[in-house]
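Shown next as structure tokens: one chain only, the form predicted on its own.
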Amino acid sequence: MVTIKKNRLGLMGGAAVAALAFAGTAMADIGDNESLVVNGEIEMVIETDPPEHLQGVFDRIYSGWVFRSDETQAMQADDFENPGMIFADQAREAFDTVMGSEGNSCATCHENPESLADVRSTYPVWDEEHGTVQTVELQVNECMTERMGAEPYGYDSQEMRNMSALISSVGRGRIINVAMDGPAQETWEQGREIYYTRYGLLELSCANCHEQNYGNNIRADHLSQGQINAFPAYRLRNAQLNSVHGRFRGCIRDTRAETFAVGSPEFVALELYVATRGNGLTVEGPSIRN
């Protein structure tokens, strides 16, 4: 297991760094947002009441789309303008391709991607058979290895991000409803602890940015609430699809800390927790972000 090294400067040092990082910021106007309707027909929930476990933390929860520029918002509203859809289309070919020793493809069991429309809105989810929380990526690899007899995709490989984009795309408009109780609760609690823990030389937690400073400018960009309902996201700054765990790695890297590995139990727990913070929003991926 990779261990994140925490700074030993103390909370006062971290608070001072955080104050400098957000100095001179300006709140984004998030009160009068237009609606997001993709292709003129898929209606998205971009703001709603917070889930019960966030009441008292937020008055409203917002999709990351709300914090983007008008040009970026417009790109996501039209699949012909959305570069992320190119990768979803590539995954459609893989979906019908026989792989492995069993002579099966994804379509052998699922017929077509649209049959998976309810997947993204409920994952991560407890897997009773394996006794663990499964992300979409872990489920894809379970199907490949156990049902197709194929080699698994790399957790953050291009092929996996493509498949995640496809599964998200067919579920757009579905309300996020990720379970946090029952056998998944222990993992959820672990994810919550990670979310509120300060890491790195900057001594910043996820909450310092996405809970206490959303809407503020940092590095000439607006901080969002860190919702993941729109992942995978095509980021304009690196011109590629970015996965949830890839984004987690980037955030922790920016605190100047060693990070967990993609697909690790720690990031699975964090994904479960963060996903439940968006309960009530809708699936948007593949989205466009700066």
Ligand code: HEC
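In case it trips you up, residue 1 is the first one in the sequence shown, and so on. Only a predicted model underlies this, so the values are computations on that prediction, with no experimental measurement involved.
Form predicted together with the ligand: not shown, discussed below.
Here the chain stands by itself, but in the predicted complex one stretch of 78 to 86, 199 to 207, 181 to 189, 168 to 176, 199 to 207, has heavy atoms within 4.5 Å of the ligand. At least one heavy atom of D221 is located within 4.5 Å of the ligand in the predicted complex. Taking non-hydrogen atoms only, I228 approaches the ligand to within 4.5 angstroms in the predicted complex. Although the partner is absent from this view, A269 stays clear of the ligand in the predicted complex, with no non-hydrogen atom inside 4.5 angstroms.
In the predicted complex, at least one heavy atom of F95 sits within 4.5 Å of the ligand. In the predicted complex, D127, Q139, V140, E142, C143 are the residues of 125 to 143 with at least one heavy atom within 4.5 Å of the ligand, listed from first to last.
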